[in-house]
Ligand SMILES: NC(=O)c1ccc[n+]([C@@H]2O[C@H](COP(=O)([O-])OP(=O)(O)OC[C@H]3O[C@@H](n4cnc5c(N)ncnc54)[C@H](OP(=O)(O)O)[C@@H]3O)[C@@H](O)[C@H]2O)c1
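Take a look at this single chain in structure tokens; it is the form predicted alone.
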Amino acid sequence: MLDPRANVSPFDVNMAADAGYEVVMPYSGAALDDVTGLVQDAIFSRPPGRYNDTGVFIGGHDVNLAADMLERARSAMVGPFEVAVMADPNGAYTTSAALVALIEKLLRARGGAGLESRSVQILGGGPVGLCTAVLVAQSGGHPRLIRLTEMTPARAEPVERFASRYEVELPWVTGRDDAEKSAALENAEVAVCCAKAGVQVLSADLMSRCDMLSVAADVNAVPPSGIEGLSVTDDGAELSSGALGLGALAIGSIKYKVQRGLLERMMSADRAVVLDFPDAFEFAREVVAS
């Protein structure tokens, strides 16, 4: 497990152990330039063909850095010496995959159509928000980030870099108060709260003004809910605004299955797989459909 932070995530360690890995070795403080050496030390320690016996998991918080580390790990493979690689920084890949797959399901249940041409407003631009926006765009929707603080050039650069990496447009507006949020949500069909845990972002009054809203989702389980009136267990329950609610535990239930399933796939695939968050989304769709 490679993580640029001081500590790897206990959540990820538990997930790997529960998926069946016998040894989980964390390498905290791992920089981009460390990846090639660590991966090659791992691949050359065993003969070719044993790609299921070792896996590389990339964590951290920065989705751009994780994508760079994933590519560096992929490039470190040498001929028949290969192992599986998966990235899930801050749980953002698997969480966004579960979130968007469930939103698709609720939209189809209500109107027969998925995300194509839908207006999806994402409050908060952290790792989950960025990945969610990319998946929505790749699914034919129209995502927009609603920034809850001022968008400085330093904050804009990672968004632009991530959008460029996946060749999508990720527009943004500010939503620092209810007036700005109300204006941003005027034509929203989906509202997703990806803000900091324990902070209420959308009041019931503000939600009541969103006449076109079909689905409202919140990824944070720490109270209070980011959306007033939304329960963490809601999985399509109708809110007072008329929108269908999607709570953090309903999303987390699918996220758990996706992360564990991908970790298991690394051990059972017929080749050395490299798993990015579009792969997580494909898997999440399968889980939700079943």
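Numbering starts at 1 and runs along the sequence shown. Worth saying up front: this structure is predicted, and the values here are computed from it rather than measured.
Note that the form predicted in complex with the named molecule isn't included here; everything after this is about it.
- When you look in the model of the complex, the only residue of Ala137, Leu148, Met207, Leu106 with a non-hydrogen atom within 4.5 Å of the named molecule is Leu148.
- Site annotation in the model of the complex: the residue of Arg110, Lys196, Arg161, Arg74 reaching within 4.5 Å of the named molecule with a heavy atom is Lys196.
- The candidate spot formed by Asn90, Asn220 and Gly252 lies fully in contact with the named molecule in the model of the complex, as each residue has a heavy atom within 4.5 Å of it.
- The closest non-hydrogen atom of Val128 lies within 4.5 Å of the named molecule in the model of the complex.
- When contacts are judged by a 4.5 Å heavy atom cut-off, Arg165 does not count as touching the named molecule in the model of the complex.
- In the model of the complex, Gly124 approaches the named molecule with a heavy atom inside 4.5 Å.
- The closest heavy atom approach of Arg46 to the named molecule in the model of the complex falls outside 4.5 Å.
- Of the candidate stretches 244 to 252, 49 to 57, 36 to 44, 64 to 72, only 244 to 252 contains residues with a heavy atom within 4.5 Å of the named molecule in the model of the complex.
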